[in-house]
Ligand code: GLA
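Take a look at this single chain in structure tokens; it is the form predicted alone.
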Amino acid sequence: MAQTKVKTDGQSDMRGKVVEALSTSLNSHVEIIIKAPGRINLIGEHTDYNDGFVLPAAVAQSIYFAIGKSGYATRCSLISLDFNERFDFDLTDMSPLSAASWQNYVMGVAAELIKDNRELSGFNLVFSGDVPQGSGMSSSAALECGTCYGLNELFGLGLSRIEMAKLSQMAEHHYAGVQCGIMDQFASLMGKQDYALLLDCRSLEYKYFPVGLKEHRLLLLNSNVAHSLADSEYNIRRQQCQQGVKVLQTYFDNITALRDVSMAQLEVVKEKLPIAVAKRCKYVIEENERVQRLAQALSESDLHVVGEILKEAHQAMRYEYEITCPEIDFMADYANSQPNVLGARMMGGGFGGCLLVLLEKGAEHELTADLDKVYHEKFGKNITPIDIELSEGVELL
């Protein structure tokens, strides 16, 4: 939930600031320090809530937490250094605030832990981070997962990382009002340095694939078009997928989600579906296939195939799932026309956020400068480059 920053150089500063703020502003003993990363997703957008496959990776941009017991039975205090806000609440009297309030992510985790019969007492928590908000890098999941991991450590709750991912997902459902899949929370908690994570969102089985870039690199270009996953469009896409599944179930057995559907089956019922619903279903089925193909390309160190799949995925998001926006499409078209770019696509829930670019090492500055110029001429705003390093998942420091 932090404001956009380009680099991760100030992370030791953030750690020091949260520790100092917990001690001085909340007069609380620092018992736990946590680092919770954001994530990128190489491929697999909107497949997670369809029981499908995703290929995310944790990144160096993170949220840092200092946590301690408050000394009270149920009273808690939170400070967001990035928003310069303090919030006090009671564990016996919690309810969601207005949409997009950072407080919801922390309170939501506490509420889910209590609902899961985990014993909490009052706590104080301070956080600060450099996961760019609204960029599709899941600052919200980092905030939830860091909170959950920290409270698990503070109160000795004995939760596994997968249990924490599930509880954090439920916090987003019930307190932030976003019916998200589990990918973001899973990536933040289960990330591994220099690896992407192929996750089966139904079984939660996972496998790591090395991202061997060598002469290439990954770059995020933030369009600075803010998006909100809590707005109606995200949930509409989910409803459309469910609508498609209901029709498919009347024709075929053993279908509980679009993950179970083949293109041949979709062709059979296509005329029975609204045009938009048929497009959404086609996208999800083919996106699951793209995830598998990209993971295979990584295992073979074939980055040129990876780039082609990224290009293909962007066009599918643009014309089938219809979650891009003019700014992102302009950026993708420009990047994909450049000789040093292997492939680029929008990353994240859609309607803004970042372009993920796979390009030759050393071409980053020229691409960024040239694209920024034409982007500003057309839209009157600038892009922000974000350096990407794949990192470990949530850590106790």
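All values reported here derive from a predicted model rather than from experimental measurement. All residue numbers are counted from 1 along the displayed sequence.
Just so you know, the form predicted together with alpha-D-galactopyranose (GLA) exists too; it's not on screen, but the next bit is about it.
- Put simply, of Ala111, Leu266, Cys180, Met190 only one has a heavy atom within 4.5 Å of alpha-D-galactopyranose (GLA) in the predicted complex, and it is Cys180.
- Interface residue remark: Asp184 is counted as part of the site for alpha-D-galactopyranose (GLA) in the predicted complex, having a heavy atom within 4.5 Å.
- Shown alone here, Gly352 lies farther than 4.5 Å from alpha-D-galactopyranose (GLA) in the predicted complex, counting heavy atoms only.
- When contacts are judged by a 4.5 Å heavy atom cut-off, Gly348 counts as touching alpha-D-galactopyranose (GLA) in the predicted complex.
- Contact annotation for His46: at least one heavy atom lies within 4.5 Å of alpha-D-galactopyranose (GLA) in the predicted complex.
- Stretch 47-55 is the contacting one of 334-342, 26-34, 47-55, 61-69, since its residues have non-hydrogen atoms within 4.5 Å of alpha-D-galactopyranose (GLA) in the predicted complex.
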